[in-house]
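A single chain, nothing else alongside it, follows as structure tokens in the form predicted on its own.
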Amino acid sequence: MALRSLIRHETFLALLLVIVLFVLSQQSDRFFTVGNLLNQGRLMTEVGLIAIAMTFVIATGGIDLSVGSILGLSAILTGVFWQNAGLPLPFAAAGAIAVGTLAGFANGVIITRFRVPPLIATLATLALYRGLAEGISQARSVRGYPEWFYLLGQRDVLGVPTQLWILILAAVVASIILAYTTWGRTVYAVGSNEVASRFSGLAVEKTKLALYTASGFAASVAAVIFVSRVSTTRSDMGSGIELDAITAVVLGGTSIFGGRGTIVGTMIGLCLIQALKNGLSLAGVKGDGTIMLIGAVLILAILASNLFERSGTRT
């Protein structure tokens, strides 16, 4: 029944996306062009990678507010390791990803070993990691990366932005893991009833630790792609990106209470948000109006999801 209601939610969301695309295409002839759509795919990759990992986290009933700060920390470390420490850029990027992954692991340890609620733990590390990024950068940016580095964030492969291939691959792999593996079923079980999962012998703590570590890894990979795309590093990179990722996940049908959600739904939600941002901007709508409309769409989707869930329960 839960799966049936989720499928209904995804169908409703996909239909809403089609309607939004049609309406926005009527507002501007620049919107529904191949070049613009591919460029939007390029712009939403960083949020998408974080949202994929966030889907797993929220499906367990948790949340990770620190991903934007991890992105900023990993971004500035990419430049510092390369320019100040003198590491070759591939090693500098790998080192930054390792630090971001370690930051996610630290979140998991705080949550699983010290029993700190995820909201409180990641809110604290949000401030900690952002402070570290600002302290390391000293308000200075790093520029002048070698030309080959821009292949990751500014170039195309077979006519498609390089990072969009990465996002598609990550979405496919994550979707298979969440939907068809024992570990994916463990994620759902933990989110549905954590106490019962422990009594059933499931590795609840290890699963949650792995998920927050993966969330840090996704944010740090997104950071390297972000640096490649904008050609610079700044400590304020990623500010607010956690809210965009959470919005996409919740809009996609993942329950904030855990136990329900899919990667497909998250990707549809992500595309819907990006389409609204871009289409309304091209139509001349100011930023405040866009935020209000995205909020209205989120409320509508949640209400529709609740109606589908209730009707599924009755049947």
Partner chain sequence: MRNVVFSALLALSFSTSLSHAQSAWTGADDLPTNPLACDATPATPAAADYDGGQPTNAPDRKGKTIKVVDVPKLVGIGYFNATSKGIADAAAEMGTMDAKTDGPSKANIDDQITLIDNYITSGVDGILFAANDPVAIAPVLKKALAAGINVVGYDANSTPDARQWFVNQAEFNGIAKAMVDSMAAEIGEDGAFAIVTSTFTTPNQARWIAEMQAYQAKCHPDMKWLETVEAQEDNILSFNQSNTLINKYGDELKGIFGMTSVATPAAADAVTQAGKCGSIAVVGLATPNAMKPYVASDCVKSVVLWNPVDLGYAAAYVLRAAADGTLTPGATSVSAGKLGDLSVINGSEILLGAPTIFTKDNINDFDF
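Positions refer to the first chain, counted from 1. What you see is a predicted model, and the numbers here were worked out from it, not measured in a lab.
What comes next is about the form predicted together with the partner chain, which does not appear here.
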{"item": "Phe226: touches the partner chain in the predicted complex, heavy atom cutoff 4.5 angstroms", "value": "yes"}
{"item": "Partner contact for Lys208 in the predicted complex: the partner chain, 4.5 angstroms, heavy atom", "value": "no"}
{"item": "Non-hydrogen atom contact Ile168 with the partner chain in the predicted complex at 4.5 angstroms", "value": "no"}
{"item": "Proximity of Thr162 to the partner chain in the predicted complex, heavy atoms at 4.5 Å", "value": "no"}
{"item": "One residue of Met237, Ala218, Val187, Leu77 in contact with the partner chain, assessed in the predicted complex (non-hydrogen atom, 4.5 angstroms)", "value": "Met237"}
